[in-house]
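This document starts with one chain, in the form predicted on its own, laid out as structure tokens.
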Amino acid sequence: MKTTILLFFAMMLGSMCFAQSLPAVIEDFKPTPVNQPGREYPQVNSEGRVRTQISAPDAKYVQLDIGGKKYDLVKDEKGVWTGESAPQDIGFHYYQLNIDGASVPDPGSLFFFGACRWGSGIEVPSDDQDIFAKKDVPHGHVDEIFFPSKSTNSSPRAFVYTPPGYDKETSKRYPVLYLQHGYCENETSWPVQGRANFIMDNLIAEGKAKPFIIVMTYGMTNEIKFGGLRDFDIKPFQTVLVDELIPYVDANFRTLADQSNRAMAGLSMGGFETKLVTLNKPEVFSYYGLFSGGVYNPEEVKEHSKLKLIFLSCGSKERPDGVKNSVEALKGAGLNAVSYISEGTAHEFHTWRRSLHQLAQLLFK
């Protein structure tokens, strides 16, 4: 009996020590800038923890699903569930709620297209979020267009960013960047969660980037099943981009319609597409950018005589050595190549916002 009592107290003491060793959650949570108007939740604290809340009195369990992990929420006497995640990396993240096994968007968040669905998104503050902030500077326009595509027998959509002053300087022509989204995203991704227009507005206002047009369209990637990348055929999208979209943009916007004033870049799957298109059609683009989307080697581009820049980037939590080594090899072959590593980020939009911010300062100069 004495042994049992001693064992009981030892277990209690151990559990108390374990509980005391868990880090306390810092209670400085604030609503995020991507909440639905007037909604108090979701919130983020200074650690990067995401806290969400939802009223679901009849639910048996509710979880927050973010960053590949699920966190249990706790129900109060009114049927309101509340809980938070572990600290997340800085930047933008997709997430959802799981209610009794059904995955649903958080009604407190604005909706974004990512992870092959319209769902919730959260912004974890960063020290450099100023690069994509909406500031009191001249702003460009983001126009929604539909262009004819005979190859698909449809009218695909694209978003076109024109820089500040485009509507006033009616004789000026501009270079163009064709910018691609990732797998399970679409043409809304760069102008919405990527905030490409604000990145450009701010750079142009600071005199750090030359004004240029950005065209963002659907990369025809989401029909590929996860894990089926080897089966992806670039030719249908390449036809839409090179033979249909580019001529439409050149005919309807004041572009500098030649190879030396045309760039292509993309994130993740969009980077993979960028690599394939630029290798297949070296006469179309002079600037290549891959954001977490692979690398080039010197042999692949040795015949690209009019190539002006290769830009390769990724997050520090991805595979930065591959990017750095590739750029060193390209430089060794006499090519103008630049690497950029986003510190403290992984395969996520803050990596790619930073990458666009860096690339834009190098283009068309």
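Everything quoted here is computed from the prediction, not taken from an experiment. Each residue number is its position in the shown sequence, starting from 1.
Another form exists, predicted together with a further copy of the same chain; not displayed. Remarks below refer to it.
- Contact annotation: of the candidates Val323, Leu330, Ile54, Val44, the single residue with a non-hydrogen atom within 4.5 angstroms of a further copy of the same chain in the predicted complex is Ile54.
- Here is the short version: of Asp243, Glu283, Asp258, Glu144, the single residue with a heavy atom within 4.5 Å of a further copy of the same chain in the predicted complex is Glu144.
- Annotation: in the predicted complex, residues Phe237, Gly294 and Ser313 none come within 4.5 Å of a further copy of the same chain through any heavy atom.
- Figure note: of the listed segments 334-342, 36-44, 66-74, 303-311, the one touching a further copy of the same chain in the predicted complex, with heavy atoms no more than 4.5 Å away, is 36-44.
- Looking at Ser151, you'd find every heavy atom of it more than 4.5 angstroms from a further copy of the same chain in the predicted complex.
- Taking the partner from elsewhere, Tyr183 is found to have every heavy atom lying beyond 4.5 Å of a further copy of the same chain in the predicted complex.
- a further copy of the same chain is not shown here, but in the predicted complex it comes within 4.5 Å of a heavy atom of Lys134.
- At the 4.5 Å threshold, heavy atoms of Val104 reach a further copy of the same chain in the predicted complex.
- If you take 173-198 and check each residue for a heavy atom within 4.5 Å of a further copy of the same chain in the predicted complex, you get Asn197, Phe198, in sequence order.
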